[in-house]
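In structure tokens, the next block holds one chain alone, the form predicted on its own.
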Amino acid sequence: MENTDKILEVETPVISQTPTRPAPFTIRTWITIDTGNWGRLPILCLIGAVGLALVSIADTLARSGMGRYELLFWLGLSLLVGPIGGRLASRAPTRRERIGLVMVLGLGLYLVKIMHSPQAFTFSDELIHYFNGNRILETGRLFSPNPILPVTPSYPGLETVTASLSSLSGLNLFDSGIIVLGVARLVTMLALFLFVEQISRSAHVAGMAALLYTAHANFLFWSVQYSYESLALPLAIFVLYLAARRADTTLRSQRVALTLAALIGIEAVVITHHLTSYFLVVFLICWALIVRFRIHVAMKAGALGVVSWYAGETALGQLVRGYGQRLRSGAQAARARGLKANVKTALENRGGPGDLALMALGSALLWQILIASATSSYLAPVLSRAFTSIIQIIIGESTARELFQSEAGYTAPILERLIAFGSVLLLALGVPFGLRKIWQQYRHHPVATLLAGATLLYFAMLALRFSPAAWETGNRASEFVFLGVAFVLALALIEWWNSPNMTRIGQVLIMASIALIFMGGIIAGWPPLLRLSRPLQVKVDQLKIEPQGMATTRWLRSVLGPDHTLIADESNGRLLLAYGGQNPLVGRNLNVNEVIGAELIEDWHLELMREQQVEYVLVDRRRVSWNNMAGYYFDEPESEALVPKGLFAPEIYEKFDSRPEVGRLLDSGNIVIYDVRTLRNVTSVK
């Protein structure tokens, strides 16, 4: 069926607020009713499903130990992203088809993560939040302490939604979490599309921006793990859309409804994730300041035509220009001053999100003071180490971090490094053209200006990747500032695509560039040997065998029960927390790594055990156990390239055996659990 669109023209009278009641002028609102079909969405869904099947095969082969077929992984992603990207770049699709394509793309990429870990939550942060969710289900209360990451219970938005769904549906927490995160991913894509469309007035630009946003480093895996940011970021983008939509309406009823919805969204973000709420506060404040600055400049200059500069082709812009036309018709000075005051009031009340910014700032501060006071002590050391590391590199006291090289000495293949560098280069080449487009067409819009600034900030933050202590901060911030990169680059690509001189070869090169940017984002965001699934269970006849860490965790819970305080390594500690219900002390928390990694027991170790009432110590002989991303699985030959191969020195993992006060509870081969309740009462080891 041939696609047809029916256009309805609606005339809305707007009466100028003047003493003499001049003749009304009209604002023309164009409402498009799409009566066509879904275009090529069905066939592209089928092609994407084939791509997902290839990814699933690659994950299954890797999980079964039959080999790592990364070519299947990349081929599957290409079939999912490539055809949809080509269709979104075209001018042919209707708005409805573009929305469908964006939603299918987002959901398809989410399923890639699900196929990576189909049996359980296995990412490091997932295990922490899984524990919080289980605590809510078990106790019926919020804010239960988390021994590994104490700040997380103070932001229970994700766990509350998941636990509620689990209670109402009877699903377990894992299945409920998958559903919640799937809906969150759909909200991300739809809210981003609507937000960009509201700014650009183009579904074409919105579709391309949503496509390009999937290329940021954390999109494929990190942003859909069971963690608080995975829900907070979609809500924040949705709030930005509501604020942009509100700025473009002159109807009081719509404005009130959008304001209430935005306020609810702001509160949801505040109680879900600290960093996302800070991003939302900063974005809204900067937006409001830009609007206020432009109003001030325009009103001071006395040129009401300039006042509409920021409003573009919106309904509010037409309202302002209507006032300007009345002034230019030769009205008296007093009437001019009255109209000028009316315009200023209209702009201040309708144009900027100042009220939303104040609400977001107040809510974030109030929540942190009353509920989440631990946030400051959690973030301060991270930011302090990052700042110190940057200063040390600048003054030459420290060396820069080696890119594409892990702490274990693993170096990414040369091809992956070239792709990653190439993707950044392509972004840098395309962004200036997008910025020029903003200056030519969107410089009147405060949000477009703000997104341009976020784009420049993204490239500035790439320098943080050279700092050993700051690279993670820069990586975490990329998903926020990449909103600007996606918008700016979408403007450039569409301008090129629609150029009368564009050839088929040129379009192919554009799509190849998008594919390279997408691949570069995945390479920069996730280690190569963790992109495919890893063995978490082995089936022998009718028996399922789990890795030693998981088996030890289940044994400890079934024999000793939950809520015991243990010292453990990074990976086993998270398993003990999530699936054992224990209270593990791990990592840099209280210098626990030094307790496990020391060759001798020292007096301060005993003091720590007494203060924390430590009952047991879990010692894993494998070096991989200290890697909180790879330490949960069965060992594979390929892990030699990811983490140091082999075992710790015997002096490290046998030191507790030399103490007569210590007893062994369990020895699984690589993992030993020691009972240190008697040892902790010893005053000195000398």
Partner chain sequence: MLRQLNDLILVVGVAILAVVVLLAMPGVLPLRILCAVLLVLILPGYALTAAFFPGHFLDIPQRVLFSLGLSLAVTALVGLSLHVLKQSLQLTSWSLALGGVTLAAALLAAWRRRSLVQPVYSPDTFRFKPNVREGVLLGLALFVTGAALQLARVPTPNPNVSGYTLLWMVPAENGSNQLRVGVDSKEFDITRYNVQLFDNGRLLERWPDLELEPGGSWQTAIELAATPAVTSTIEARLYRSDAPEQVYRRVRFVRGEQQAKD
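Since this is a predicted model, take the numbers as computed values, not measurements. Numbering follows the first chain given and starts at 1.
The same protein also has a form predicted in complex with the partner chain, omitted here; what follows describes it.
Relative to the partner chain in the predicted complex, residues G352, L529 and P650 are all farther than 4.5 Å at every heavy atom. The single contact residue among L231, A568, A360, L491, judged by any heavy atom lying within 4.5 Å of the partner chain in the predicted complex, is L231.
Of the residues A452, A470, L242, L577, just one reaches the partner chain in the predicted complex with a heavy atom at 4.5 Å or closer; this is L242. Listed stretches are 92 to 100, 495 to 503, 395 to 403, 600 to 608; the contact stretch with the partner chain in the predicted complex is 92 to 100, by a heavy atom cutoff of 4.5 Å. For Q582, no non-hydrogen atom is located within 4.5 Å of the partner chain in the predicted complex, even though that partner is not displayed.
For the chain shown alone, S56 is a contact residue for the partner chain in the predicted complex, at least one non-hydrogen atom being within 4.5 angstroms. Using a 4.5 Å cutoff between non-hydrogen atoms, S513 does not count as a contact of the partner chain in the predicted complex. When the partner chain is considered in the predicted complex, T411 lies well away from it, no heavy atom lying within 4.5 Å. Residues of 544 to 564 lying near the partner chain in the predicted complex, listed in sequence order, are K544, I545, E546, P547, Q548, A551, T552, W555, V559, L560, the criterion being any heavy atom within 4.5 Å.
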